[in-house]
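Here you get one chain, nothing else, as structure tokens; it is the form predicted alone.
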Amino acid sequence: MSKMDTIRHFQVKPVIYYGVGAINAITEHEFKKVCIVTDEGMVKFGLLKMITDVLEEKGVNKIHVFSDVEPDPSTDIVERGLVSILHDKPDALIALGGGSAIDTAKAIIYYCNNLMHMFVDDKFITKPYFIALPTTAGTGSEVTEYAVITDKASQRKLALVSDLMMPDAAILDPKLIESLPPKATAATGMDVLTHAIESYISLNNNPFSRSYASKATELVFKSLKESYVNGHNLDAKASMQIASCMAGIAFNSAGLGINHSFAHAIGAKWHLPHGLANQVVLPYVIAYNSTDERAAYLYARLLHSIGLAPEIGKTATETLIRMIVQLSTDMDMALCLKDLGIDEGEYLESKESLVEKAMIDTCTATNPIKPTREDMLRILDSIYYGK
């Protein structure tokens, strides 16, 4: 049966503004009351003021700032933000920050809408215009309908999925990520690479998602190291923003795989930044997935699509893994969990529960191989010991 015998769809949202000065696109709208979801870092380093200055110049004087966002946002943080939006009833919600701020804003919109549906007739419900301004080039959250929230009680990451959470506009201004520290640049950049590679080989990949994923992969290998070494290179920064956006569009359509399933479980357990968790996991998951003929073929196609050929005596998969390891090494990143200082005894006590959580993670469903529990345990050992 031909793939074309099945009707599928591919949708690109939101409107994307990019380039130096793109934050001024906010002035294209006639907002009267705005709520900004952000974190204390954005306040401290003046990035929030960049946004409020633009809004105030436009004549928007009713601005409420919810700056309680923390890394790996929890359900508690979302509940506090929900109170703010229910009280203020803004006509625009702006998320300023990394994936944590954008995911928090998404979850606030999601739960607010669900709550209102319980008490208000649908015709009286109006969703605020939602603008995402990412200050990292990593999660791609500004162009996806996904959000990940942590339930602290169960130490689980909850994946929310709804088109309600898709931003109406994404603003990519490289000035917003110019001051991002090198370590954060490296971690978020490797998150982009993971999104691109996983979506490319996902069971739900399609010609559109592969095109976005391929270009994102190319841009990461071209620009991430330079962005890490020279934070003031706005061309490299802008390139990484576009890569992040493209990878987000790709995985929003195609889905991901067990790399993210492991990263969710590991990140929740040891409070690792999401991009760092993905980076540590990536080589070992590629090695496992390449045992599948279709996945190995797609890795080879991906390598070819970015203008590279397998190294002499190496397969395409081996070449791709070496490139990833080299990029990680160039940015002084750990190559296994043990090198991150995670205690071996604690790992051994946790591995069974980590695998259980990864097995039921929503990302596992679109992995090119359906892993067994024994497979997952072996992969996890590789991730911890680095072999």
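Please read all numbers here as calculations on a predicted model, not as lab measurements. Numbers follow the displayed sequence, beginning with 1.
Heads up, the form predicted together with a small molecule isn't pictured, but that's what we're talking about next.
Using a 4.5 Å cutoff between non-hydrogen atoms, Leu176 counts as a contact of the small molecule in the model of the complex. With a 4.5 Å cutoff on heavy atoms, Val148 counts as touching the small molecule in the model of the complex. When the small molecule is considered in the model of the complex, Ala186 lies well away from it, no heavy atom lying within 4.5 Å.
Proximity of Ser227 to the small molecule in the model of the complex falls outside the 4.5 Å heavy atom cutoff.
Checking 313-321, 103-111, 76-84, 213-221 against the small molecule in the model of the complex, the stretch whose residues place heavy atoms within 4.5 Å of it is 103-111.
The three residues Ala295, Tyr297 and Asp375 each lack any heavy atom within 4.5 Å of the small molecule in the model of the complex.
This chain is drawn without the small molecule; in the model of the complex, the residue among Leu337, Ala358, Cys35, Leu47 with a heavy atom within 4.5 Å of it is Leu47. A heavy atom within 4.5 Å of the small molecule in the model of the complex is found for exactly one of Ser202, Thr135, Ser253, Ser290: Thr135.
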